[in-house]
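Coming up is one lone chain in structure tokens, specifically the form predicted on its own.
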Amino acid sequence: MTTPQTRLSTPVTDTLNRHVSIRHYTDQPIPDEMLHSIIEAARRGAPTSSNLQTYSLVVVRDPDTKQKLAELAGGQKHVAACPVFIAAVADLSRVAHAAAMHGVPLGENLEMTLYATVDAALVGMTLCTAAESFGLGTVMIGGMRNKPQEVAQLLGLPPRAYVVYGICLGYPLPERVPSQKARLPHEVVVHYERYEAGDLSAHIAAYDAELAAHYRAEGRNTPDAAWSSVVANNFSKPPRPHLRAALERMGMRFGSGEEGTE
């Protein structure tokens, strides 16, 4: 299959194609009616495995709570500054309760943890698209997993729940809206019928150069290998090595459910 040169569009694809991460916001509040509409659209539009709905959303507007979350996320000021912060929670507590109502335990293992994590990821992404369709800006905060137990305690999460990531919402500050970064080439990421890796080195080198030019146009110092050097420097060791043990203490399971942790 060849890639068509003409790209069709709808209001939804236009919204997605305009996406940039927004970290600077005006003081304009988000109306309750708009926020409710965004959340309900996300709940309706996000798929969920077996209709389990193993996610929860915690909406935070309190300045003190947002400030504490910003600190737990590693000092990310936009978490405190955004008008609304939403925690996307992987949550098995309700399905565990439903199973107990029928006198059986929940069969907890890696697959169940993946159900909840994927559910939270899908509803959060759908929420971001809905929010951006209203003219809001968003950015996802993976730093919520830096200290998952402290975040859970702050937000009052039950056992069997953790924050997968957070979402900052607000009206973009016009003078601080970034330009769009390029993505990896289509032919590197999208495959037809079978996976074809091709010459990855050449594709990655080209992307490194394109991304470096983007950053320099913004006045940022960057190495020539603007993407691959970040991978090499920041991810040569596993990120957040404490995370599995922390999540297991919080009631999430990664083993068979019968034999404990694999």
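Worth saying up front: this structure is predicted, and the values here are computed from it rather than measured. Heads up: residue numbers just count along the shown sequence, starting at 1.
The same protein also exists as the form predicted in complex with a small molecule; that form is not shown, yet it is the one meant from here on.
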How about Gln76: is it within 4.5 Å of the small molecule in the model of the complex, going by heavy atoms? yes
Contact flag, Gly143 vs the small molecule in the model of the complex, heavy atom cut 4.5 Å: yes
Does any part of Arg249 reach within 4.5 Å of the small molecule in the model of the complex? Heavy atoms only, please. no
Using a 4.5 angstroms cut-off on non-hydrogen atoms, would Leu122 count as touching the small molecule in the model of the complex? no
Identify which of Arg183, His191, Arg176, His97 has a heavy atom within 4.5 Å of the small molecule in the model of the complex; exactly one of them does. Arg183
Leu154, Val118, Val139, Leu106 - the one with a heavy atom within 4.5 Å of the small molecule in the model of the complex: Val139
Assert contact_stretch over 76 to 84, 110 to 118, 97 to 105, 155 to 163 against the small molecule in the model of the complex, heavy atom within 4.5 Å, equals 76 to 84
